[in-house]
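This document opens with one chain alone, in structure tokens, the form predicted on its own.
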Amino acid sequence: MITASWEHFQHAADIGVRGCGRSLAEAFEQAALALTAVVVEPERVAEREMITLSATAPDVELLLTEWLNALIYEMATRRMLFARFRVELQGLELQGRAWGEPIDIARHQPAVEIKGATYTELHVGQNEDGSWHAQCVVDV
């Protein structure tokens, strides 16, 4: 049985994020959760507010970086962290929702600030079992 998951992978100076899921959208959602986990334990973030985001790109790999960079922008400008994500894809157009709350330094204890999603080790693809993975390195 295919289950959604996220993980980090090693990179020389930065951190790799990878999402896996039963669909491409679910892999993007899990990659976003891995992004949050670079900063804070996602379980510490309450789902108090919902924001909407959109992204478009010429291919699915660039769409992943656009999605993650849109989230990074929202995290920085709204001073928020997000714990749950919903992605809907129509071709190379992404409509997303993220649930979270304003950063509380004492309670969340953020580890780092993410500067951006990069093209380093960027890969989105379908596995032999039909599951999807989406990964890239984020600059911290």
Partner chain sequence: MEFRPAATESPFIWQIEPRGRMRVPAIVYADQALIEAMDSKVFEQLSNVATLPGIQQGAYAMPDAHWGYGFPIGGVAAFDPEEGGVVSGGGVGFDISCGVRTLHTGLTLEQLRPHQKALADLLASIIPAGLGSRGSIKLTHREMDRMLSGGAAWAVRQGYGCEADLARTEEHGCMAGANPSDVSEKAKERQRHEMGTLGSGNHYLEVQLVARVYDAAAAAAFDLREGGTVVSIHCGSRGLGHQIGTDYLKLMATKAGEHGIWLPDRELACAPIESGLGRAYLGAMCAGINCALANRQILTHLARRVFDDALPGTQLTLLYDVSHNTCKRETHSIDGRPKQLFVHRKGATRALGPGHPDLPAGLRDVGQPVIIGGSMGTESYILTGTKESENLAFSSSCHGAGRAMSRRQASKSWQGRKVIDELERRGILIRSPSLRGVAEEAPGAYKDVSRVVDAADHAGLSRKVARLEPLICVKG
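Keep in mind it's a predicted model, so treat the numbers as computed, not measured. Residue numbers count along the first chain shown, from 1.
From this point on, the text means the form predicted together with the partner chain, which you will not see here.
Determine which one of 73 to 81, 88 to 96, 24 to 32, 45 to 53 lies within 4.5 Å of the partner chain in the predicted complex, judging by heavy atom distances; exactly one does. Going through the listed ranges, the match is 73 to 81.
So in the predicted complex, does any heavy atom of residue 117 sit within 4.5 Å of the partner chain? Residue 117 belongs to the contact set for the partner chain.
Should residue 61 be counted as a contact of the partner chain in the predicted complex, where contact means heavy atoms within 4.5 Å? Yes, residue 61 lies within 4.5 Å of the partner chain in the predicted complex.
Given that the partner chain is not shown alongside this chain, does residue 140 nevertheless sit within 4.5 Å of it in the predicted complex, heavy atom to heavy atom? So residue 140 counts as contacting the partner chain.
Can residue 101 be called a contact residue for the partner chain in the predicted complex at 4.5 Å between heavy atoms? The answer is no: residue 101 has no heavy atom within 4.5 Å of the partner chain.
Suppose contact means any heavy atom within 4.5 Å; which members of 35 to 54 contact the partner chain in the predicted complex? Those in contact are 37, 38, 39, 40, 41.
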